[in-house]
Each structure stands twice: as structure tokens, then as C-alpha cells.
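Heads up, the chain below is alone and in the form predicted on its own; it's given as C-alpha cells.
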């Protein structure tokens, strides 16, 4: 993987440590967390239950932060997250006797989306930041129509929000008029129905809207993997300790390593890891 992502890939792997939640020992797998990783988890769940009819897999999409809380509270077997766990989350896990183990299952690019009727085709990271801070307020300042920009952001519990905040905002605050929504789907819907809107979503959520280039680079599989697209990030699943390949959770997690798993990741719009 490109050196750009090395900061994301430090897994908490205690040698010889294994832990399985109470839920994982039966024929039930509970998954909670990111709306971005949700399509992968749902595709994997449908496939796995098709192969194992006795297994029931539930997938909730309450946000990356809530996924981390669910794992800490032993309320899920797998926490899906579109950002790495924070130090304070790991500390809370340690206090609860939970050992979060990181699994990078795919790559994603955060796509910047506008209404299909908007003629603006590219923004630099600096211009994107200027929009979200409120420095640039009208599309005509960017070569677009004379219309006030409707700025849409993910809610602050979202891993996508936190990645955007890190890669684009660079510690600057979003404008007071920014609208916050609870999912990638809600962001896309807002842009679909609002010609002057702008939002950011995972790659799997660009249907029906216009994904513009950022710094003249399109977000696709190639540019995400080679690091040319600046708004790229890994996608995660976390478990409580290492899970054995003999358990349903272990076999479910390992799908991302298989040819079928990589196909499913591509089918839902994300980027599978290289072999």
C-alpha cells in the first residue's frame, strides 16, 4: 500500500491474544457503525448467510463513533468504521476489558458532489475549504451560476466527517450555515434535490449526482490506490481481539481477502485491496 496510508495501518495486535465476544460464539453476528462501510458489510452479510443459512447477521449504520462505542460496550461483534479508532476510544476499550483489533478491508475516496446541472467541474482543496468555511459563498465566484452555495456536511459523529475535517478543513471551522446530515445517502439526496448544493460522500454514493474532480484528479479505483486522489482513506472493521478463522466472525471478516469478497467490494462502489 502507498506510504501515504502507513499512518492508518498500525493494528493493535497482541501476540497470541484472542478474544471473541459473547455474541460471536453462536450463530449470530452483530455489526454496527459506519454508513460508508455499510454497503460492504451488507453485501458480505447477504453472501455469508446465503452460504450459511443457520447464521443471522444484523447490520446497523449508526456512524463510526457509535460503532466504536458498541464494540467497547460489547454490544456488537464487528464495528465498521471509515476512520481509525481514536486514542480515547482505545483507552475506553482498555478500561472495559476490550482489545480492539483493526482490519483494513477496502479503500475509499471521498467524492465531492454537486447537482448535475452545476457547470463547476473541479475544485482545489483550498477552494473546497473556502466553501466550507464560508469564505466563498456564491457559485459565481467559482465559475458557476449566480446562486448561494448550500453547504452540506456529514454529522460530527461520522468517520467521513472526521476524515474530511482532517484532509480538507485543516483545523478550520465549518461555516455556521453548514447543514449537517446523518448519512451518505442523505447527503446525496440533498444534492439531488438542490441545484446549488455541495456535499461529500463515499465513492459508493455518487449515483444521480455529479462527482467533480479535486485538484484536477478524478476519484476512482486507480487514483485511490496510487494515492493521487488526495481525499482517499482506508475502510475498517474492528473486532474485540483476534478472531479465529474457525468462527463465523473470523470467516465473515476474511471475505475481503477472497476473490468473491473483492468482487463484492467493487460491486458496491469501493476499492478492494491489492492481493
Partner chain sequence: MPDSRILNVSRDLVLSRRASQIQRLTSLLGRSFLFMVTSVSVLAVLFIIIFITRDAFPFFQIRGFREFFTSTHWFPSGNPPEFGALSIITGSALVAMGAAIVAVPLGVLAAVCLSDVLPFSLRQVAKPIIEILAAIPSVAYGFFALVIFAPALQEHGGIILTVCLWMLALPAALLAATVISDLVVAGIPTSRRPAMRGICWLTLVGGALFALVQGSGHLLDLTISSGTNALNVSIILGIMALPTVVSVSEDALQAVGRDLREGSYALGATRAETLVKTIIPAAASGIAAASILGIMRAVGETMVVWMASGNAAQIPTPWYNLLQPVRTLTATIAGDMGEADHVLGSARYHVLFAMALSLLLFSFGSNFVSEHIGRKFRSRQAGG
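Numbering follows the first chain given and starts at 1. Small disclaimer: the values here were computed from a predicted structure and weren't measured.
Keep in mind the form predicted together with the partner chain is missing from the figure; the text below concerns it.
At the 4.5 Å threshold, heavy atoms of residue 161 reach the partner chain in the model of the complex. Residue contact with the partner chain in the model of the complex: residue 195 places a heavy atom within 4.5 Å of it.
Proximity of residue 240 to the partner chain in the model of the complex: non-hydrogen atoms within 4.5 Å are absent; the residue sits far from the partner.
Taking non-hydrogen atoms only, residue 62 approaches the partner chain to within 4.5 angstroms in the model of the complex. Proximity to the partner chain in the model of the complex holds for all of 155, 177 and 180, with the criterion being a heavy atom within 4.5 Å. Residue heavy atoms within 4.5 Å of the partner chain in the model of the complex occur in exactly one stretch of 137-145, 184-192, 96-104, 118-126, and that stretch is 184-192. This chain is displayed alone, yet in the model of the complex one of 92, 167, 150, 131 has a heavy atom within 4.5 Å of the partner chain; that residue is 150. In the model of the complex, the partner chain lies beyond 4.5 angstroms of every heavy atom of every residue of 217-232.
CA of residue 196 to CA of residue 82: farther apart by 3 Å or more in the model of the complex than in the shown form.
Between residue 189 and residue 60, the Cα spacing is larger in the model of the complex than in the shown form, differing by no less than 3 Å.
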